[in-house]
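First, one chain by itself in structure tokens, the form predicted on its own.
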């Protein structure tokens, strides 16, 4: 990047909010995915006006802008393939207005999910998406990726909690999208289009979010299964019964083993565990839901069922699931946990079959894969565990990813439920959305004619995720 451009950017954000040294550019060149590529410059704006000025300059000079939250994305969303500007939004972190009477809150994009919920707690409300990364995940990133989490089965994904937003377009214009009301029937729902757009259409600088009351009662349960398929059948039966769990989570034996290896939790050596929860304002209603779910688990040979309202007991029961992702890299010495075939969603009736298919594909391709996730929402997570220094293991992973997603499409599932597409999942996602890609490119062109906003992601991502960027691992030649 030319020095005169860097000087202009420095004048916009101030010397303390620009980074050009190689170490910072390298750190900001990766997220929680397998990819890495260096930016030319890192900027940390504090105001909407600064974001607008940056966009105007970048658009005039045709310099890529890659908006970034906490960098917890698992598919390469914040990786700057073409260099350019990484726009670190974490310093725009103010909670602007809490309106309990309207059940909404207005925030800047750098507000962290857990921090927001701590601020809302005295008012008796919560922002419900609850992704696993809520300790660090920013609201802007959650909106850009339509994040969800353990309670999506009852409360939905981020899209279901966004009322409106302010967005800086590629040319620097500021637009107000959505409304302050629960319903809005007029025109194109551009705010909903922005959710899940992964930074390719605009830069979110403010969001208006819908709140829900914090439940007075919350009860969690755990059921063990000797057969993975029986756990999957129980999930399908719980949902189709009309039960309303606030959480329904699956852990397979690989997940259980990884947690035991890492934390010595003493979880039972079974093929699967189901964690289930119900919440509400009336205890009798919560009791009814929990007993209904328990009965369904027992019908499918679930055993050793524990249930508790006690906060400490709930934390103990949930601890293994909460720490699962971090534990997976300890499953086997020399193996790393990689986010590749990661978060597909499938019909409930195919949940059991999908869990077994994941293991079959892993065995066939000489890798290890786990099946777990927010199965009450139809979300099946998996991670590929492999030796990332071996070139042949990346080829094994490439085949496994393709096979898993070919299967997911064949049963009417979708490539990503909550972690987005970006780079790693783009080849499979483009097959799924083949008849929509030209429409998406036309939308992108309308919002961003010079293609400066997070280029080469989603429908324009490379067709080979292995060679799309450098990999964050020292792969043998």
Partner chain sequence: METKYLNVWKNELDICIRCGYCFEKCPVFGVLNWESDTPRGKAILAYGLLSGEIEPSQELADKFFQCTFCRECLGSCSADVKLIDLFSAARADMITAGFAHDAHKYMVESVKKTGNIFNDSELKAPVSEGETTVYLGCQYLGRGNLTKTYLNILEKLGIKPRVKEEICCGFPFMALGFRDEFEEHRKKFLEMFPEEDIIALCPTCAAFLEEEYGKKVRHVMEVIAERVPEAKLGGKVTYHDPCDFSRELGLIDEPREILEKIGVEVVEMPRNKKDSSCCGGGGGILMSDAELSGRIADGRIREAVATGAEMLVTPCPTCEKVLKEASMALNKEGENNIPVRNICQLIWKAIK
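Residue numbers count along the first chain shown, from 1. Here, rigid core means the biggest group of C-alpha atoms that superpose within 1.5 Å across both forms. Owing to the predicted nature of the structure, the values given are computational and were not obtained by experimental measurement.
Although not depicted, the form predicted in complex with its partner chain is the subject of the following passage.
Handout entry: Option from 324-332, 196-204, 150-158, 174-182 whose residues, in the predicted complex, bring a heavy atom within 4.5 Å of its partner chain
Key = It is the stretch 324-332.
Exercise for the section: Counting non-hydrogen atoms within 4.5 angstroms of its partner chain in the predicted complex, say which of 267, 120, 132, 401 makes the cut. Expected result: The residue in contact is 132.
Problem - 437, 443, 60, 27 - the one with a heavy atom within 4.5 Å of its partner chain in the predicted complex - result: Of the candidates 437, 443, 60, 27, 27 is the one lying within 4.5 Å of its partner chain in the predicted complex.
Exercise for the section: Could you confirm whether residue 31 comes within 4.5 Å of its partner chain in the predicted complex, counting heavy atoms only? Expected result: The answer is yes: residue 31 has a heavy atom within 4.5 Å of its partner chain.
Problem - residue 315: touches its partner chain in the predicted complex, heavy atom cutoff 4.5 angstroms - result: Judged by the heavy-atom cut-off of 4.5 Å, residue 315 is well away from its partner chain in the predicted complex.
Exercise for the section: Using a 4.5 Å heavy atom cut-off, state whether residue 136 contacts its partner chain in the predicted complex. Expected result: Judged by the heavy-atom cut-off of 4.5 Å, residue 136 is in contact with its partner chain in the predicted complex.
Practice task
State yes or no: in the predicted complex, is some non-hydrogen atom of residue 233 no more than 4.5 angstroms from a non-hydrogen atom of its partner chain?
Solution key: Although its partner chain is absent here, residue 233 would stay clear of it in the predicted complex, with no heavy atoms inside 4.5 Å.
Exercise for the section: Enumerate the residues of 387-406 that have a non-hydrogen atom within 4.5 Å of its partner chain in the predicted complex, in sequence order, or give none. Expected result: The stretch touches the partner through 388, 389.
Exercise for the section: Please say whether, between this form and the one not shown, the C-alpha of residue 320 moves by 2 Å or more once the core is aligned. Expected result: For residue 320, whose C-alpha is compared between this form and the one not shown after core superposition, the shift is 2 Å or more.
Problem - Pair residue 319/residue 114, Cα separation in the predicted complex versus the displayed form, closer or farther by 3 angstroms or more - result: Here the pair is farther apart than in the predicted complex; there, closer.
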